[in-house]
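Below sits a lone chain in structure tokens, taken as the form predicted on its own.
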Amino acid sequence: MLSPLMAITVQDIGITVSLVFILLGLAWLAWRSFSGKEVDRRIIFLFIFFSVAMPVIFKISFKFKATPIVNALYEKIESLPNNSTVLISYDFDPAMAPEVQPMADALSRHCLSRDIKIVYMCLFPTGQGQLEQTFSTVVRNEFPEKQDGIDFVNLGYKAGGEGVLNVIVTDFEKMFPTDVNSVPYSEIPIFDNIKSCKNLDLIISIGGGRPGIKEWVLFVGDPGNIPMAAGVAAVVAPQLYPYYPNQILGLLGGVKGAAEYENRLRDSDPKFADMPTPATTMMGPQTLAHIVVMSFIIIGNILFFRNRKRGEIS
């Protein structure tokens, strides 16, 4: 295993090599373009490949400051008293998991570390498998002292979509008479003072499909006047910004939102210093690739306006 000093040195070397490669490559591409020479598209593809591969090889990552919409969710969880109860719904499938699984894990880690109780459920049948990943990597692995039924409970998947939400907003037991282990609702200590979603301190929907956060807001959050938050795929996030801050108090959008939350956790408490940060790791290749693509766009636009000024194009 590399020492911390050596690990930092390796990453520094990786950043230097990556930046030199990118800058020299962009300079060469700009020179060929402005010289009127064609650039083979395969070279462009190869350039993108190396821009993505280098951060993976050298484990390059960046720090991200939490934006207000992400920090709002963090502060809400921080403000909850011990023994509060939060519901986290896994409303996604494996195709969406690379974006939203990291935020689901980070939120679980944050809540459990503050002795906040969690009620887990799924509106997607595939959500149960993703939930099991959180149980194996976070709940059982990092919090072995937490007890099923007391500190957390898994209600599993229930078919019905919006119909499920219409029921649990007034009565949990009617829709979930048992948890996934067939323990009766009345025998689960976490539900001693919880009859419906109205007794929860916060609801977080993780996903981006339907049913998802929009349905949670429509059928649960607004009618029950319950605090809502969400973590969604990047493509869905722009559709939910109008809901903030009145109908949802915070939103994690895509890998970047998850990375911001991971960094906020790590910066807030030393106990999170060594926690896994998959979203932050994924943002390394994504950040460098975005820089390269933006550079291509800038070069292309400069070349376009130069040629139009010369009258070479109309």
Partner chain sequence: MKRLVPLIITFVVGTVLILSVFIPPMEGLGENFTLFFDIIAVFAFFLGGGNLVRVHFQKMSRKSDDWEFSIVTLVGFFVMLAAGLFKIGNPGDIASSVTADGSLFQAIYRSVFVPLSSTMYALLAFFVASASYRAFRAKNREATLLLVAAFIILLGSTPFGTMLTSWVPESWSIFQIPNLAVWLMSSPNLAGQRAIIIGIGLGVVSISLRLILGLERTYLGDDNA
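Positions refer to the first chain, counted from 1. Take the two forms, find the largest set of C-alpha atoms that superpose within 1.5 Å, and that set is the rigid core. Just so we're clear, the structure is a prediction, and the values are computed from it rather than from any experiment.
Absent from the display: the form predicted together with its partner chain. The rest refers to it.
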Name the stretch, out of 141-149, 125-133, 199-207, 80-88, where some heavy atom lies within 4.5 Å of its partner chain in the predicted bound form. 125-133
Consider residue 67 of the chain shown here, and say whether it contacts its partner chain in the predicted bound form, taking contact as heavy atoms within 4.5 Å. yes
Do residue 277 and its partner chain come within 4.5 Å of each other in the predicted bound form, heavy atoms counted? no
Just checking whether residue 71 would be counted as a contact of its partner chain in the predicted bound form - the rule being heavy atoms within 4.5 angstroms. no
Can residue 112 be called a contact residue for its partner chain in the predicted bound form at 4.5 Å between heavy atoms? no
Which residues, if any, of 148-163 lie within 4.5 Å of its partner chain in the predicted bound form when only heavy atoms count? 157, 159, 160, 163
Any chance the CA of residue 270 moves 2 angstroms or more between the shown form and the other one, core superposed? no
Does the C-alpha of residue 32 move 2 Å or more between the shown form and the other one once the rigid core is lined up? yes
